[in-house]
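Next comes just one chain, in structure tokens: the form predicted alone.
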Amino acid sequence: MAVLTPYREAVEAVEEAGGEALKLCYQCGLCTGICPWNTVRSFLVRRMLHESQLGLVDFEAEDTWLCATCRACVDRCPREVPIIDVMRALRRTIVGLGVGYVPDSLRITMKNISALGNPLGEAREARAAWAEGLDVKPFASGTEFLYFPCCVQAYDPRGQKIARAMVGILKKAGMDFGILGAEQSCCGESVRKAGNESLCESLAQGNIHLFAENGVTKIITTSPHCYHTFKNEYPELGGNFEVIHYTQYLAGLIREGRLKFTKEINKRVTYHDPCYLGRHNGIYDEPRLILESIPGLELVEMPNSGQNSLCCGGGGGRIWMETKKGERFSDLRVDQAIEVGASVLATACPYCIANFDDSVLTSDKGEIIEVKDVAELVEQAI
């Protein structure tokens, strides 16, 4: 059994992240009750908070790396304890001790991002290869929007389909946009939540300098994680840009009558709210407005939707870590989609797409349901 060790740096890190708010925790247990991990196994958030108050750290505890930063516990907490910040502080303390205490897959991911600017370990110069043949212009001063596809959409073949779909949509909408390609790096969101603050800060400062140097003032993203980081975290380092998620932009075009659909999609579709689009940033209505505007499409709701959405399990750096079969939230979500009679499970996050695709594949349910990004359905309908 691992021993909980009083560690002064842990106390300081937790105090820095949670401050006085952490002291407000009175052990009511609502955080443990709402945590999605407790649908598949035991994960005592309340216990970890109490240990944090005491400055106790189990350097080898698996539980330290479980939190997917879905924010369900933060929204439920009656004392507004910043639980995600506490988890990040614990991880930062452990990351600071060296690689021996960090899960191997996460350590490799951090190494890839540090060396190559992306978590997949792909060549930096290939970052814009997804756009070949699409006649996408390089971003230059005076261009209205920088389109920023995340690392998954830049390198992963499945993610590239979404980035290519977005280019088609933005062109048909008459949007003035460009890309920076090989010059940009990972936004740094997942490594920050995994405790590597210094790497995240280095990535952020590099991107902020790049954006400013090229005259970027507006950014449109397809990943909620990039959106959240650019909008809410980069300003701390001087990166102040107008940031919009593509669902916000497309919903605005629909309201204004500037985006119209010409093809029917005669399918029953259910929408999954990504944590970093919904609970973290309050974007719930826009993706639904888009889907409801597509002719022939029937939108149905799953249990645990909207603010109560069930996390896919990919946040907090967990997209780069292995989750045991039987403990995957995405398996539960796919089952919920099937139970409401949907033939398409739609979402607007690359991490959710990756997890749902994996769940459909490993459960042999590909003939029952398919996973689509909202952008892919929009492209199909126009």
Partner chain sequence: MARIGVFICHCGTNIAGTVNIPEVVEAAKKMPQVVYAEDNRFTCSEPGQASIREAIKEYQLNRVVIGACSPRMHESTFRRTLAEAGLNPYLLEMGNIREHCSWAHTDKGAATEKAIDLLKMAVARVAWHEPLFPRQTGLTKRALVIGGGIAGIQASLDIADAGYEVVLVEREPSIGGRMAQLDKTFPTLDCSACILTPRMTQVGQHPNIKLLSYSELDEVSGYVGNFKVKIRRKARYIDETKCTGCGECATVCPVEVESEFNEGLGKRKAAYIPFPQAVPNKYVIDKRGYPPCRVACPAGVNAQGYVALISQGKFKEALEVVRRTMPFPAVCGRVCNHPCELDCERGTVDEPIAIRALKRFIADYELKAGREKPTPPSRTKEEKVAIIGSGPAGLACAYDLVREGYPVTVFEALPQPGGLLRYGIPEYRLPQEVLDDEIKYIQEMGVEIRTNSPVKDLGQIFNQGYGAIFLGTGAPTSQKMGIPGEDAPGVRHALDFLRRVNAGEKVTVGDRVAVIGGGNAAIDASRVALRLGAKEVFIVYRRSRAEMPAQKTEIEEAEREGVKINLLAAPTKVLTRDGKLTGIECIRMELGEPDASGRRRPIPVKGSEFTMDVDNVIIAVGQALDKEALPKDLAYTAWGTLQVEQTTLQTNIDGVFAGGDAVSGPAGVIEAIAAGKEAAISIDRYLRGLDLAEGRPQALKKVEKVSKEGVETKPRKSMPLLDVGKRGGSLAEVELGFDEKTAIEEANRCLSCAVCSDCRECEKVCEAEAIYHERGEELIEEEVGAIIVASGVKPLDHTLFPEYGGGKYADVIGALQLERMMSAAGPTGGEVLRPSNGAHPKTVVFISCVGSRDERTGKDYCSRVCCMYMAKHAILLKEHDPETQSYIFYTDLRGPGGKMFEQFMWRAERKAGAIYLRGRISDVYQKDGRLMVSGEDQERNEPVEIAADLVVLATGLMPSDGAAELARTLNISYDVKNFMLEAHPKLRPVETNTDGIFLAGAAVAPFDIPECVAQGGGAAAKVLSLFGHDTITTEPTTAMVDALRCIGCLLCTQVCPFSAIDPELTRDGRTIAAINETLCKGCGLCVAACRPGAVNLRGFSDQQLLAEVKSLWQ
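What you see is a predicted model, and the numbers here were worked out from it, not measured in a lab. Numbering follows the first chain given and starts at 1.
Keep in mind that the form predicted together with its partner chain is missing from the display, and what follows is about it.
Within 4.5 Å of its partner chain in the predicted complex, a heavy atom is found for all three of Gln27, Gly33 and Glu80. Taking the partner from the other structure, its partner chain in the predicted complex has a heavy atom within 4.5 Å of a heavy atom of Arg76. Put simply, Leu44 is close to its partner chain in the predicted complex: some heavy atom of it is within 4.5 Å. Screening 44 to 52, 353 to 361, 309 to 317, 57 to 65 for residues having heavy atoms within 4.5 Å of its partner chain in the predicted complex returns a single hit, 44 to 52.
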